[in-house]
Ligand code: SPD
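Shown next as structure tokens: one chain only, the form predicted alone.
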């Protein structure tokens, strides 16, 4: 698709949007699940947009994917089986597969079109999908239903989902966290992208509280991701055994990295006071 387009905007809410100047809209279609666009941007390069929401770009994708994958994987002493729910662009799978101790990676993506488009327009991002290693198994289907069928199997579950609307809505529920806990082994860890700690404070608080009903340890950590409105993004981790505030990395970090390092492993969990107020006291400042 060669349609010329000067600007594209993600509206975070009626009062705030992030606008990027683009040179071309490369692809646009409606899948059975969502509206998919690929745009050639000037500031961040090629961008993937789902239902009007900026998902990733070639310039900053490494931040999100390194932080959702390596923080939990380095916290676990020896993760062997990993489940990725969502992650159809392939970035999370690419990072997980870099860990030699991981023997099995199951990626469960509901929208096959996202994977096809990523392989076409984002070759570096989707490298694990385009040339899957033997340990990567791709399942096209509903991750919520898939988790219900598994018990005491995975060491780490990564929920690399879009916003809690449409196909991703059911991934932000107490029932899902309960089923995820059952699917994890004794030392299992769950991580979910949990939106902006500025724009989505009530949602972040609700996720934190809901995970706490199924897991003894729940922590939120932060990363700076420019393509998301406000630039501050959160991930929430639920663990059966390991606390990121006290556990130290016992394995070498895969190299090279562009964002993650062993110091960030700890410092990402150091939260601003307004985020603590949101999580622990339900006080919303924005």
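Because the structure is predicted, anything quoted here is derived from the model rather than measured. Residue numbers count along the first chain shown, from 1.
Here the subject shifts to the form predicted together with this ligand, a form of this protein not shown in this document.
Engineer: Pick the stretch from 100-108, 130-138, 70-78, 188-196 whose residues have a heavy atom within 4.5 Å of this ligand in the model of the complex.
Structural biologist: The contacting stretch here is 188-196.
Engineer: Considering this ligand in the model of the complex, which of 116, 163, 206, 142 comes within 4.5 Å of it through any heavy atom?
Structural biologist: Answer to the contact question: 163.
Engineer: Using heavy atoms and a 4.5 Å limit, would one call residue 38 a contact residue for this ligand in the model of the complex?
Structural biologist: Residue 38: no, not in contact with this ligand in the model of the complex.
Engineer: Answer with yes or no whether residue 58 is in contact with this ligand in the model of the complex, where contact means some heavy atom within 4.5 Å.
Structural biologist: Output for residue 58 is no: heavy atoms all beyond 4.5 Å of this ligand.
Engineer: So in the model of the complex, does residue 221 come within 4.5 Å of this ligand, heavy atom to heavy atom?
Structural biologist: No, residue 221 stays farther than 4.5 Å from this ligand in the model of the complex.
Engineer: If you check in the model of the complex, is residue 53 within 4.5 Å of this ligand, heavy atoms only?
Structural biologist: Residue 53: contacts this ligand in the model of the complex.
Engineer: Though the partner is not shown here, which residues of 232-258 have a heavy atom within 4.5 Å of this ligand in the model of the complex?
Structural biologist: Only 233 sits within 4.5 Å of the partner.
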